[in-house]
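Starting off, we have a lone chain in the form predicted on its own, written out as structure tokens.
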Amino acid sequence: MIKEFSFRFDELVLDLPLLEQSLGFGEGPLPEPIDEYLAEALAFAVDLPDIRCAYRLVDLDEPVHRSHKIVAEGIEFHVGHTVRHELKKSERLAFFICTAGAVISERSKALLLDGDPVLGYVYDLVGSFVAESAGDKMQEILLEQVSSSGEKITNRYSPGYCQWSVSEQHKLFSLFPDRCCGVSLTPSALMHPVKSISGVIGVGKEVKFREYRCAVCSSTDCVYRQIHQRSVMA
């Protein structure tokens, strides 16, 4: 069964300190006009009409630890060693799709085309944080659902990270109706709207949630990992 949700911006919890650090200015107040740009983008995000998420809980066809792949609903997912290790104690899997919607992406694109690339980038970054925050909210709902039976959840893991090929988005999306949450895939497995995330979460009585997700990820171009590394080196 698929559970689908719509969120208002004020229902989400954005990590504003992390968002400010993501702009590349380190700790402390943002310089002008970046502070004004961020305030404008956040004010725009307040009225976003299409922040949506969905997840589908499925049983595993075979235990994760017995195979080099994950098999659910008859579909083989080759998620890579890292993700498979994190999901190995899962009894079920929750596949998900979340999106900030098309509006903020279209606004960012318009600003970039109109010759305001810095403001466009700020809108783009806020859109990314809205999508991730919607994912956080979705995880809270999932955890509330499964905890009644004594289960826990892992972090969420997405195609394109941790050696999981982005091409497997097509397999993941096959578990949902067409344009679920208003999100579609290009032939090259990119999502539209672009400010969307998808992936899988492990569910089971013995799974673990890591507060610091980068500890298991080797991606070098992830903004969250770069910020953590800078904070450790400071």
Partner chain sequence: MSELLTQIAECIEFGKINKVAPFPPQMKGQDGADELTARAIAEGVAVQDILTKGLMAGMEKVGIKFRENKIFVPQVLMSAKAMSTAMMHLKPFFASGEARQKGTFIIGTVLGDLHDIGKNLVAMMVEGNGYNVVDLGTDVPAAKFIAALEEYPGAVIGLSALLTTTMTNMDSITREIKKLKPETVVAIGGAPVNQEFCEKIGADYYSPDPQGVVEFLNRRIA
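Not measured: the values here are computed from a predicted model. Residue numbers count along the first chain shown, from 1.
The next section is about a form of this same protein that is not shown, the form predicted in complex with its partner chain.
Asks: By the heavy atom within 4.5 Å rule, which residue out of L175, L57, L60, V166 makes contact with its partner chain in the predicted bound form?
Replies: It is V166.
Asks: Any of the heavy atoms of I34 lying within 4.5 Å of its partner chain in the predicted bound form?
Replies: Because a heavy atom of I34 falls inside 4.5 Å of its partner chain in the predicted bound form, the answer is yes.
Asks: Even though the partner isn't displayed, in the predicted bound form is K152 close enough to its partner chain, meaning a heavy atom within 4.5 Å?
Replies: Heavy-atom contact with its partner chain at 4.5 Å: absent for K152.
Asks: Might V46 be said to contact its partner chain in the predicted bound form, defining contact as any heavy atom within 4.5 Å?
Replies: Outside the cut-off, so no.
Asks: Give a yes or no for L190: in the predicted bound form, does one of its heavy atoms lie within 4.5 Å of a heavy atom belonging to its partner chain?
Replies: Output for L190 is yes: heavy atoms within 4.5 Å of its partner chain.
Asks: Looking at 48-56, 201-209, 176-184, 22-30, which stretch has residues with any non-hydrogen atom within 4.5 Å of its partner chain in the predicted bound form?
Replies: In short, 22-30.
Asks: Note that its partner chain is not shown here; using its position in the predicted bound form, name the residues of 112-136 with a heavy atom within 4.5 Å of it, in sequence order.
Replies: Residues within 4.5 Å: L112, L113, D116, P117, V118, Y121, D124.
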